[in-house]
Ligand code: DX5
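Presented as structure tokens, the chain that follows is alone, the form predicted on its own.
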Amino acid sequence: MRRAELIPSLLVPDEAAFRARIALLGDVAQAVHIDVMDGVFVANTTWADPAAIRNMHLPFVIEAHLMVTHPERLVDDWIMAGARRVFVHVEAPGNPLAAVEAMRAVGREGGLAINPETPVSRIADLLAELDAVLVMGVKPGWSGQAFQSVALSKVAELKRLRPELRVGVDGGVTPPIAADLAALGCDAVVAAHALYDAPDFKKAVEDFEKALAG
């Protein structure tokens, strides 16, 4: 079983905050998870300008999490921005599967995200068409929420249905929760609050890495 990956999240209000967090990540991350929120599908909004991000030439694998209505309208911008992986919500108005297909058509990874109230059965028939699934541990929109344990059973169910599928969890994850997820075969954990709001950022990263190592 491969080791789960820690992916720091970028959920920020403006470009200055985005650049500050990129600088903080330095050499501690291989990938970054960019939260894109439109204030419609979720109540919050974020700064995530794909054209500006493209020009930054970031030294990370980029995965974009589109918490928006009509994600199919944005996916080409994120392809141009260099995103290797894009997640769109199955609950989103529009055509989420079209966004997944657009990513896969250019050799990138397309995945669906599911909210805490959405059962795995909602996407079970689609798993063969996906590169990844992102299980939400919180209601999407705001950092710092408490983890909902229903995500644990969803990871186990997804891995039972399709063991080779990449399964990540986003929201409310702490090092002890990360250890539980890794034991279930989770491939990636996305963290924001537990990293950036920790007293010591580097120690928080180390705590996650130890938890994921088992």
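Being a predicted model, the structure only gives us computed values, none of them experimental. Start at 1 and count along the sequence shown; that's the residue number.
Keep in mind that the form predicted in complex with ligand DX5 is not shown, yet the notes after this line are about it.
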item: Gly141 within 4.5 Å of ligand DX5 in the predicted bound form, heavy atoms; value: yes
item: Heavy atom of Met37 within 4.5 Å of ligand DX5 in the predicted bound form; value: yes
item: 4.5 Å heavy atom contact, Met136 to ligand DX5 in the predicted bound form; value: yes
item: Interface membership of Ile53, ligand DX5 in the predicted bound form, 4.5 Å heavy atom rule; value: no
item: Residue stretch of 177 to 185, 53 to 61, 155 to 163, 28 to 36 approaching ligand DX5 in the predicted bound form, non-hydrogen atom distance within 4.5 Å; value: 28 to 36
item: Any residue of 42 to 69 that, in the predicted bound form, places a heavy atom within 4.5 Å of ligand DX5; value: His65, Met67
